[in-house]
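Listed next as structure tokens is one chain, alone, in the form predicted on its own.
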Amino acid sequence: MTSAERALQELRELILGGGLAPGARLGEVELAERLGVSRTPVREALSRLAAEGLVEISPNRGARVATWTVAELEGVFDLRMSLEPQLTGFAVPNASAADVAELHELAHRMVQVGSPGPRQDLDALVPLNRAFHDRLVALAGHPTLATALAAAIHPPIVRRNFSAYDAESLRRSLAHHLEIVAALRAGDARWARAVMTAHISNARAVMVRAATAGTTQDPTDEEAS
């Protein structure tokens, strides 16, 4: 792994894990010292992270961890609410027994790694969650809606949100995946749409609460989250 790749990986983990809070200033000199590399790999990493939407770079303010307003978060979840339950319902008649088994395995593994406790591994939960939702979209067989959903979802928001969940909300989210599988197994599209709607509503509440809490902190505090 090159210095730039290592800097990219470590900075991404710090941002997604909350070690660098939304709005925090990202000085090249300070980061280079923190990561034990020169400024050039840090500069390259910040550019990559800006392309991913995790970092904002402006000529006057330099680089900072990206932030999202409550209104922006509401907009993202409004779009998800209008598209994802529909796609989940469309997936129901197309899901074979093998598809249902695959989704059940993903949901079960998410419960294993994501449930609050000493064995919780949120880093492992993220790709499992993405695979579950991507599989439902693929099964729906509606590429136009799928493209619209992909454009509506901001990956940094989705990837960050598990760290914002409290234990109760996370258990609820994990249970939704299992219930969606049950609806698929029963061939009940209405049930599947309803659970996905509840699932997105749960995520919306978590993220809006976290964003609202962040706005009450001192904006001059570089480490405020």
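Heads up, when I say rigid core I mean the largest set of C-alphas that superpose within 1.5 Å between the two forms. Keep in mind it's a predicted model, so treat the numbers as computed, not measured. We number the residues from 1 along the sequence you see.
Absent from the display: the form predicted in complex with a further copy of the same chain. The rest refers to it.
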Which residue among 166, 179, 44, 33 has a heavy atom within 4.5 angstroms of a further copy of the same chain in the predicted bound form?
44
Can you pick the one in 123, 99, 72, 134 that has a heavy atom within 4.5 Å of a further copy of the same chain in the predicted bound form?
72
Going by a heavy atom distance of 4.5 Å, is residue 78 a contact of a further copy of the same chain in the predicted bound form?
yes
Whether residue 51 contacts a further copy of the same chain in the predicted bound form should be assessed with a 4.5 Å heavy atom distance threshold; does it?
yes
Given that the partner is absent here, does residue 145 sit within 4.5 Å of a further copy of the same chain in the predicted bound form, heavy atoms only?
yes
Can you tell me if residue 83 lies within 4.5 angstroms of a further copy of the same chain in the predicted bound form, counting non-hydrogen atoms only?
yes
Using a 4.5 Å heavy atom cut-off, which of 108-116, 91-99, 136-144, 123-131 contacts a further copy of the same chain in the predicted bound form?
136-144
If we fit on the core, is the Cα of residue 28 displaced 2 Å or more between this form and the one not shown?
yes
When the rigid core is used for the superposition, does residue 194 move between this form and the one not shown (threshold: C-alpha shift of 2 Å or more)?
no
Since the Cα separation of residue 126 and residue 42 moves by 3 Å or more in the predicted bound form, tell me which way: closer or farther than here.
farther
Quick read on residue 145 and residue 52 CA atoms in the predicted bound form, 3 Å or more from the shown distance, and they're closer
